[in-house]
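As structure tokens, one chain now follows by itself in the form predicted alone.
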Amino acid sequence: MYRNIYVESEVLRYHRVKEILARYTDASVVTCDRYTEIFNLKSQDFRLQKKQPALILARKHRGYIQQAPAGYGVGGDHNFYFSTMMNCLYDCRYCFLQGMYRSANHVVFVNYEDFSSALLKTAARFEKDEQVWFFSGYDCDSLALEPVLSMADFFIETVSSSQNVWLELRTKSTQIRSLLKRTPLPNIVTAFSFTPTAISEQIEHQVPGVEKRLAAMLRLQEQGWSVGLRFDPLIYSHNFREQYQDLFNLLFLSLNPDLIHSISIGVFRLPKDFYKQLERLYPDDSFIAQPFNSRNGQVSYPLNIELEMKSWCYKQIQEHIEKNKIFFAEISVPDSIPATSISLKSELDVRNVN
């Protein structure tokens, strides 16, 4: 997969690095002092790199655990996130990473032990009866490279004996073998992100299909693992309701509701500067070219459309799952909102999938 691998001299001796390099014996390996020499180069072509990214193996020196953004949680008392990787294997057109980084190369911080120590130290600040959540998959996909990186396996072991520490592995991947080899743990939630099939095929490039992800969820549930559903971002199309109704029916009629830990809902949104970068990268893309609104430094759908999309999805999901399992990624939806019609001209040619 990787033709070019850059390795910081400091981590060349790491056993984890040697194991990763052993998988790519045909790759060109170049050492560097700091990963930023490669990752932060000016005049990089993000779109070209995305077709064949390089792998950069590095050590992170600080900032292992970060406070989760407001609204990023599923009922815990305290929410944090950590990223042992920068950038993602997949190529979703709405992804904020394309606006945040000038490089599409994959950076992996191989000093997992430092992350683990910081995670446990953070959790120890709180009372034993408080749920402390750590989210993986904010700046990458938690499982897409699991056969190579064994990241999830390492951090599941880290929290396996903790009573108040919860770990979410957020993913669009089907790489679940490391979990299936383990005894299910109640404080681990593997959360899968979904958009309807036709939307996914159009703007979630290289992502496993909806039914493949569903099959992975079913295998986890059959073994006793809890899973999560993440409808974030919600993507508008001219037949939004039909598309999402089909998706909800497929998922909720297949999955065991008792082993669905949580569901989150959030519309497409990006910081304004990130969105401008996407416009520069993909000036002719039909998704990017939609007439979005800008408010409070964010680019998203007009407020009435955002509220109606969230409200409609919330009502549909309630038919399958109890309310206390449903969370909103941004503002919460009022109990009732004025009846309106979604009226945004979308250039997405998304057809209903039966």
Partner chain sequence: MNHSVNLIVALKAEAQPLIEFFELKALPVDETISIFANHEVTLALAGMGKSAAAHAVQCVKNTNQGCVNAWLNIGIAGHGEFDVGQGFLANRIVDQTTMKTWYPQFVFQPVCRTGTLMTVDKVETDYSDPVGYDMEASGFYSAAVNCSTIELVHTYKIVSDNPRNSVAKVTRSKIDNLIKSKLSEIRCTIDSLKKLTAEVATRNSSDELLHQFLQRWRFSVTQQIQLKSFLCKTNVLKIDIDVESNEFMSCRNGKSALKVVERTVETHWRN
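Numbering follows the first chain given and starts at 1. What you see is a predicted model; the values in this text were computed from it and never measured.
Below, we refer to the form predicted together with its partner chain, which is not included among the displayed structures.
- Taken together, the three residues L48, N105 and Y236 all come within 4.5 Å of its partner chain in the predicted complex, as judged by their closest heavy atom.
- Its partner chain is not drawn, but in the predicted complex it has a heavy atom within 4.5 Å of L281.
- With a 4.5 Å cutoff on heavy atoms, I305 counts as touching its partner chain in the predicted complex.
- At a distance threshold of 4.5 angstroms between non-hydrogen atoms, F248 is out of contact with its partner chain in the predicted complex.
- Using a 4.5 angstroms limit between non-hydrogen atoms, I288 touches its partner chain in the predicted complex.
- For the options Q67, Q52, Q318, N296, the residue carrying a heavy atom within 4.5 angstroms of its partner chain in the predicted complex is Q52.
- Of the candidates W133, Y90, F194, Y275, Y275 is the one whose heavy atoms come within 4.5 Å of its partner chain in the predicted complex; the others do not.
- Residues S28, V30, T31, C32, D33, E37, I38, L41, S43, Q44, D45, R47, L48, Q49, K51, Q52 are the members of 28 to 64 with a non-hydrogen atom no more than 4.5 angstroms from its partner chain in the predicted complex.
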